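Below, in structure tokens: the form predicted on its own, a single chain.
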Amino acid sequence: MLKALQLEPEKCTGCLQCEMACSFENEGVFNPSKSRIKVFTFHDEGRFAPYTCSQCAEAWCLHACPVEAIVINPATGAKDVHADVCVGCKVCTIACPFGTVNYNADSGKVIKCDLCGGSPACATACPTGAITYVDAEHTGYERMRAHAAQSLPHS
């Protein structure tokens, strides 16, 4: 059974441990700017929301890539970027409606979450359980819709 990251913003404290773990796992440095997961800060409300690639079923980034550098990892279901194939054209960064595919100026390639090969460092590092790695059936569009409906202002 495939697993997926489950993000629960209401549990996030903005500690950035997920960003640090991700950057260290993938880049070998503790540098949030090199992380594939980001924590958005709602300054006025004092709230935080982690976000990263949701590994869309109909991945626009994958379909947009002109050199087929983004492929589905059969073991994890992640949409992995093959750096040796990527030409750094950035078409996938434009195609992603969520802004979770990013250009890495150091390598001249794009980077995105690959679920750390099935053991996401961000989920392991999260001290509050705001990021967990669960059966894919427990996440998804309907859950996001329900959460968004709760956040809408009531008139």
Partner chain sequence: MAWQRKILRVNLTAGTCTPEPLNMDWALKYIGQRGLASKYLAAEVDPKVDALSPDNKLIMATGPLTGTMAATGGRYSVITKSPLTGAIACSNSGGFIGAEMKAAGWDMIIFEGKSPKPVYLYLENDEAQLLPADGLWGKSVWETDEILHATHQDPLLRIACVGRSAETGCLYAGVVNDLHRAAGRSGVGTVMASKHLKAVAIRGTLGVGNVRDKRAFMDATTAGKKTLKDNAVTGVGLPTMGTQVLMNVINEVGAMPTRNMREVQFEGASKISAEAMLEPRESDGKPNLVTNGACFGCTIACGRISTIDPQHYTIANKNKYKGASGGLEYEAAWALGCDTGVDDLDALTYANFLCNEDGFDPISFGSTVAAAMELFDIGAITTEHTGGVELRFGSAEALTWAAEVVATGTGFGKDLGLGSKRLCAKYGHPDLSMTVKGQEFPAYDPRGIQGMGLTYATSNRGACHLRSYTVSSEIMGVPVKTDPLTTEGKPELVKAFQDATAAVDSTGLCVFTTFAWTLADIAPQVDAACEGGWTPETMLEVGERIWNLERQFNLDAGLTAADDTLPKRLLKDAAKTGPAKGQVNRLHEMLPQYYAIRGWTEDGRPTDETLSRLGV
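Not measured: the values here are computed from a predicted model. Residue numbers count along the first chain shown, from 1.
The following text describes the form predicted in complex with the partner chain, which does not appear among the structures shown.
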item: Contact flag, C56 vs the partner chain in the model of the complex, heavy atom cut 4.5 Å; value: no
item: Non-hydrogen atom contact C116 with the partner chain in the model of the complex at 4.5 angstroms; value: no
item: C15 within 4.5 Å of the partner chain in the model of the complex, heavy atoms; value: yes
item: Contact flag, A136 vs the partner chain in the model of the complex, heavy atom cut 4.5 Å; value: no
item: Any residue of 16 to 49 that, in the model of the complex, places a heavy atom within 4.5 Å of the partner chain; value: L16, Q17, M20, A21, F24, G28, V29, F30, N31, P32, S33, K34, K38, H43, D44, E45, G46, F48
